[in-house]
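One chain comes next, on its own, written as structure tokens: the form predicted alone.
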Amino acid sequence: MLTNYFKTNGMVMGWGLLLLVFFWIVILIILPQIYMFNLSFHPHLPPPEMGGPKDFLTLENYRYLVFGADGNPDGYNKVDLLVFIRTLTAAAFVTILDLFLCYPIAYYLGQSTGGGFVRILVLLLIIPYWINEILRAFAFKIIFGDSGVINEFLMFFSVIDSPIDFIRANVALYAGLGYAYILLMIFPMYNVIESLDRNQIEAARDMGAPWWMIHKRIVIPYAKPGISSGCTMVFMLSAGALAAPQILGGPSSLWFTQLVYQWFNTGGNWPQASAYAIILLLACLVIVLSVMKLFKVNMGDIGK
């Protein structure tokens, strides 16, 4: 296999690609994760005391998420636990929302015969992502604000008497997160549906199958790898988002990544922040792998 790889790409390009992949996976992903994982088992100490007798392995940083600091009158860390659960629940909601919104678009693009309209539609989907994510988040804050486009429109037509607080209700946050990762849901499904033989759909129609039966029996089972890939990316990125919750989140919509950010920066407690980051990563992996097993999708299917 390596021989064919170097024969196709050449020695210089082949080694260059391998080095870039090695740098991307090992240097930028694996080693920082190993460092954080190791750091999460150490107490928070001043730099001179690191590596000394007080620097020992401990599970206190992980215990803190459930039980809080020693002497906590509640017996458990109610605030951080609720934030953790709410973050995962909201990420699942954003993933399901994107799936229902993007599946019809992916099906239309994948089964379309082409033409200028399809190319224009793809272009219209891509162009907004030329703008920075933070600027897009601020744009959503303007749209959903008290004096934003939606409230002004509803009040102009007398649908409402006073502005709706979309920020406090987290509508702006969910809309912003859903929009931020919409392409990551569309294109994996589109790539799979595009390879689906149209004759299968035509045969089902000729036999009198309704549209919902065609999607249930033919399209969705065939598109499961693309659906799983899109849902995995959207869920992981939504759970790990920071910019959108910071800008679009209401007073009571603290995101778990914001807690990690506070521990790293404001609190300066890197071991505690590392433990929280590892907990979020493991929770997301367990949820993703469990859902894949539930729907009988293998990792190899996603990689096709």
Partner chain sequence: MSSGVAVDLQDMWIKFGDFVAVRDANVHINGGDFFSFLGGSGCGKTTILRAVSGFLEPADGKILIGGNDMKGKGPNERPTALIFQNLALFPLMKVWENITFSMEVRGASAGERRKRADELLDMIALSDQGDKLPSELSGGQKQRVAIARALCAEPDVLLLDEPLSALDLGLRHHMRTELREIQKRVGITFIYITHDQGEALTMSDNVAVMRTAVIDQIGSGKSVYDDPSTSFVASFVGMNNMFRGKVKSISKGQALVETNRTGNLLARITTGATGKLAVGDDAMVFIRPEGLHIAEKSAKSNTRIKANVRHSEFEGTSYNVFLEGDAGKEMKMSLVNRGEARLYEPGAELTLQFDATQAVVVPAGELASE
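Numbering follows the first chain given and starts at 1. Remember, predicted model here, so these are calculated numbers, not experimental data.
Absent from the display: the form predicted together with its partner chain. The rest refers to it.
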*Hey, of 228-236, 126-134, 178-186, 203-211, which bit sits against its partner chain in the predicted complex at 4.5 Å between non-hydrogen atoms?*
203-211
_Can you pick out, from Asn199, Ser147, Thr113, Ser162, the residue that has a heavy atom within 4.5 Å of its partner chain in the predicted complex?_
Asn199
*Of the options Ile218, Leu97, Leu88, Val171, which one has a non-hydrogen atom that comes within 4.5 Å of its partner chain in the predicted complex?*
Ile218
_Is Tyr222 part of the interface with its partner chain in the predicted complex - any heavy atom within 4.5 Å?_
yes
